[in-house]
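Single chain ahead, by itself, as structure tokens, in the form predicted on its own.
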Amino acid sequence: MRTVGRADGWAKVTGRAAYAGDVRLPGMLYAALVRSPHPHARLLRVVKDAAWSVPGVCAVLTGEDVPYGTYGRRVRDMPVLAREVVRFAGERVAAVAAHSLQAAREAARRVEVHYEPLPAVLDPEEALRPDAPRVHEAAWRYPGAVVGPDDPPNLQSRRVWQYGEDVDAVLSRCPYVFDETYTIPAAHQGYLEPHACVAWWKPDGSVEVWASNKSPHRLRAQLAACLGVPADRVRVMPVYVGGDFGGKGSPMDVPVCVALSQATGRPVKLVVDYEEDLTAANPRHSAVVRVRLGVDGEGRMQALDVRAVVDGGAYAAFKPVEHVNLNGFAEAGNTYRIRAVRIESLIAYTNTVPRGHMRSPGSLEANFAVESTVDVAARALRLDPLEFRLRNVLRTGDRGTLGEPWMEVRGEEVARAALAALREGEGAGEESTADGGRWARGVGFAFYCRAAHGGETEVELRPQPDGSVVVRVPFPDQGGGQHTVVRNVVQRELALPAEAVWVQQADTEELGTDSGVGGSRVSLTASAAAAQACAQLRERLRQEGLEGWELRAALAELARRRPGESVRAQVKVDEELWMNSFCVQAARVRVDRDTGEVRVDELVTALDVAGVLNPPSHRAQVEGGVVMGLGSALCEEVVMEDGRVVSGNLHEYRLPSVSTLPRLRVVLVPGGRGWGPYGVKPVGEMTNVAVAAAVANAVADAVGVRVRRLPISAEAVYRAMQEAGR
């Protein structure tokens, strides 16, 4: 497929791309929030008088003033504004709307809130004990809850995956059992645009919303459930989304904006600052993961037992999946042939910031723990870590770790390609060794396999009088190039130049249900829908007797004959495609023997591919994921003290920068079996997952110590070396 520039590129570089924070409506007010400083407290009273004295204030709301109930993506357990109690530091207690942002913030500062601090539970293991302070009195009563009255009172969700023989019995027969525990902290998604929204409760009782949200149709349903109105009374309007990485799928503050708009009869805008986003949004779940791996005398894996205790924070509202858990844990060890597998994921309520999704939720947590344990086993058995993996890797024809009937598994080919690339780059970019042996060098590998996810979407084509085509889609482009992919497909199917295809996002009234951007599904669903719509458009031209015409002239004639004429195609892709993608990460690192400092010199990313719809976008997804994984490996952590997030700015919450990146090498292994008219495989959440394990394994190779907690800091490596006498 011919490579073209991004569909959204010109609008973004010229500043014409409109985000939620750019929306301006007549009579619009501005909002500010009052947040709790306590992780758990009883609300005694809220005094509003001083806030009302600020000129320009139009509304000061507390939970008692909000006429509708709780909300969430699956479990509706989050109040619009806190009522009676606050459950985490940063929870919304009051909201203000005023004529200016300055007035709103000053009024919010003047709201006087009286609290009675309550005992807080901040650790998920402690939260699951019977005598722990309760975050919610009766969590099972919330709509969508997946727990019952007999479960531990702070349990959000429990999920168990099992396959094969009895795990304990097989482990008892294994001559080698490796028992390891790993800790993965909370992390922020790191998008550029903080959460923002505009809401307008119109005089006829309908609601219009502009929001930094990647799933407009799902947002509409979630808002309708919260407000107690039919879904067709809520309309989500199109805006650009300034980055997502899993963090822009929840309603977040939109219900607050709706409440303020209903109270004032005017549109209301709320744009949180980045400190609020870092401290009170929906970061990645933190987890403690225990892995027991049984290996026989021939170095073959026999049993895998994984138990994860996960911190879900004060509310479950930001998890969309059916079991309100993290499906990425089901991927634990899924690259290997193992006779007996048991995986348990327990998510607990705690009095900390509510957790949400982050790029491939649960996968990094599971992968870091299992791939590190695999490395521990290989080294204990005096086997080469890569050859140990290849001895056990799944191959085409094998059932998956949980019995999945994969159409293919290309792990060995991908691993061999990664190794060859690593050897080619040996010595490139390395500093001189004239340092007295200060730097120790090491190499580490990690495997990852991800299943494709289905979904549904709709695409509409509208011929224009100038012979161009407007392509309308129901999902935003949150930076991943989704609109560009759709344009590429339409160009190819209709043999049109780039300037003749325009992609627009429709609002939720104009096109049907869409699953939203997420789960690496858009390329699968949108490419199929776009191809079908093009086929329908060609058929329409044939029916009009225009099939022999030059195409742009035929499109212009169709638009002249039938103004407003369009064709639509809907596609629903089964969630169980039994198609996967395989990724192998290889890291080359140096470790300072004197300080424990870790420098990554090179990251090789090898993955199997089928059809590639847009090579530059594909590569950007791959490399962007690698850099995100590097952040998880070396620097990113939402730091909490006494339940409060203290890494509340981008100085203390460190993200990777261009100046600190290693050499990135991407190796595509073609020939895979994809899905749909272009045989595509997903890539968006492939390359961020295994980087942390690869770096940790390389550090172990360099200095012989194992870091079992992310991020891998110099302090942790130095301490481990001191304890090991190295």
Partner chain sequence: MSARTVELFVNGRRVQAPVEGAEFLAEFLRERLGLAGTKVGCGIGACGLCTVWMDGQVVSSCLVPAVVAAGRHVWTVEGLTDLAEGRVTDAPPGLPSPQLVQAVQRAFVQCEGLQCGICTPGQVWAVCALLSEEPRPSEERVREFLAGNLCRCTGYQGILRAVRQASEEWAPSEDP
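All values derive from a computational prediction rather than experimental measurement. Numbering follows the first chain given and starts at 1.
One more form of this protein should be noted, the form predicted together with its partner chain, which is absent from this view; the next part is about it.
- Only one of V353, M628, A606, V236 lies close to its partner chain in the predicted bound form, with a heavy atom inside 4.5 Å, and it is M628.
- The contact residue chosen from E106, D601, D592, E456 relative to its partner chain in the predicted bound form is E106, the criterion being a non-hydrogen atom within 4.5 angstroms.
- Highlighted residues R6, T14 and P194: every one comes within 4.5 Å of its partner chain in the predicted bound form, counting any heavy atom.
- Shown alone, this chain has one stretch from 478-486, 637-645, 340-348, 414-422 that lies within 4.5 Å of its partner chain in the predicted bound form by heavy atoms: 478-486.
- Not displayed here, its partner chain is approached by Y19 to within 4.5 Å at the level of heavy atoms in the predicted bound form.
- At a distance threshold of 4.5 angstroms between non-hydrogen atoms, P37 is out of contact with its partner chain in the predicted bound form.
- At the 4.5 Å threshold, heavy atoms of Y274 reach its partner chain in the predicted bound form.
- At the 4.5 Å threshold, heavy atoms of R382 stay clear of its partner chain in the predicted bound form, well away from it.
- In the predicted bound form, V54, P55 are the residues of 54-89 with at least one heavy atom within 4.5 Å of its partner chain, listed from first to last.
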